[in-house]
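In structure tokens, one chain follows: the form predicted on its own.
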Amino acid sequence: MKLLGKLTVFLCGLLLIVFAGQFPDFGDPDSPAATHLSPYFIQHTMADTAVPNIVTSVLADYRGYDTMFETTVILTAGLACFFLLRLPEDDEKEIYFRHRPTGVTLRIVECGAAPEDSKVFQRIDSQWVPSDIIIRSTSRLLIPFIQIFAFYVVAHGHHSPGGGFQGGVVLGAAVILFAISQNLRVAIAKFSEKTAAVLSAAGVFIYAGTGMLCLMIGENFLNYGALAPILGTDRVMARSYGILIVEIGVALAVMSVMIWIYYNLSSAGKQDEGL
């Protein structure tokens, strides 16, 4: 298998080197992209899609296929980390509790009774670092504003810099900040691994489902103009709304996969303790 893997990597690398020499030079004004595609996008984006952000219209409309598969690649990354890193729950693990009034630490092993719901005992990591009230309080104050900004970036991404990828990253960062400032168990209780898995797949489904809906109406896949009768608007505005719909799908997938990967990386796949 190792030999086959090395041979595959060598052949792919060789093909890239051979064909990369036939690509236009970087920034070449005579390249097909500079002489045909870019001028068309600059001149017709508003008329075609009613979207002033040309980057977003290219990303989610003119080359929507490419972006849909990019979103699928992100989902694949989350699945790969899950299958490579995730470990089954260990029934004989050691659990540590700290007695709040005295600071005494208890170590529960194997089948010992653990005071899970006690207000006197606090579950701590095996390598415990005392939490800082300033960090916890500041994070709690910041996270709602981070999330509101993320929603704005997603919702307004086709009219200003932003979009589903950027907004999804900011949303994911808000949950990760919560996990770092509290602990991993509290974060998983609020946003579980199952939720992350379902939402990451739902994001790709929203994107592909929008394309399938266009196909079922009788037009091309991801031709958002076909949604005009459903959205109650003209074909140009339907393309604008279609871009927003797929951006929401991208944001869901990016946010959820980012959190999913963080859970597994920070806990070495155990998801019981970590950063």
Partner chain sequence: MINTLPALVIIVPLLAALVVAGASFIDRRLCFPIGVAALAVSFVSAVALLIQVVNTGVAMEYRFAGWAAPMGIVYVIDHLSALVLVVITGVALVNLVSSRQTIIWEFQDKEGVFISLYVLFTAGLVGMTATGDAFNLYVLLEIASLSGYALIGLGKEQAPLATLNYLFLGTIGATFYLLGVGYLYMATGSLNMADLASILPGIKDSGIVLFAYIICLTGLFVKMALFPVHGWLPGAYSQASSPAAGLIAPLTTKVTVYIMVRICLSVFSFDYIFNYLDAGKIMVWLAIATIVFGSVSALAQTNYRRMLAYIIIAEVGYMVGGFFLGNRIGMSGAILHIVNDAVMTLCLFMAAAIFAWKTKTDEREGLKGLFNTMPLTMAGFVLAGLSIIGVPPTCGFFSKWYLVSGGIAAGQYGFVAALIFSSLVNAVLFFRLFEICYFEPFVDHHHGAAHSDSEAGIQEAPMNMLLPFLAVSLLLLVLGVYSGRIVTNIIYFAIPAGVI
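Positions refer to the first chain, counted from 1. For clarity, every value in this text was computed on a predicted model and none was experimentally measured.
One more form of this protein should be noted, the form predicted in complex with the partner chain, which is absent from this view; the next part is about it.
Q: Consider W128 of the chain shown here, and say whether it contacts the partner chain in the predicted bound form, taking contact as heavy atoms within 4.5 Å.
A: It does not: once the partner chain is placed as it appears in the predicted bound form, W128 has no heavy atom within 4.5 Å of it.
Q: Would you please decide whether T76 lies within 4.5 angstroms of the partner chain in the predicted bound form, comparing each non-hydrogen atom pair?
A: T76 belongs to the contact set for the partner chain.
Q: Even though the partner chain is not shown here, does T72 get within 4.5 Å of it in the predicted bound form, heavy atoms only?
A: Yes, T72 sits close enough to the partner chain in the predicted bound form that at least one of its heavy atoms falls within 4.5 Å.
Q: Does the partner chain come within 4.5 Å of any heavy atom of V51 in the predicted bound form?
A: Close contact is absent here: in the predicted bound form, V51 is far from the partner chain, nothing within 4.5 Å, heavy atoms only.
Q: The partner chain isn't shown here, but in the predicted bound form which of V55, M46, M212, I230 has a heavy atom within 4.5 Å of it?
A: Looking at the other structure, the residue within range turns out to be M212.
Q: Check for me whether the partner chain, as it appears in the predicted bound form, comes within 4.5 angstroms of all of P24, A208 and L222 - heavy atoms only.
A: Every residue of the spot touches the partner chain in the predicted bound form.
Q: Looking at heavy atoms inside 4.5 Å, which stretch does the partner chain contact in the predicted bound form, given the options 164-172, 120-128, 137-145, 78-86?
A: Careful reading of the contacts points to 78-86.
Q: With the partner chain taken in the predicted bound form, which residues across 14-46 come within 4.5 angstroms through any non-hydrogen atom?
A: In sequence order, L15, L16, F19, A20, Q22, F23, P24, P32, A33, H36, L37, Y40, F41 come within 4.5 Å of the partner.
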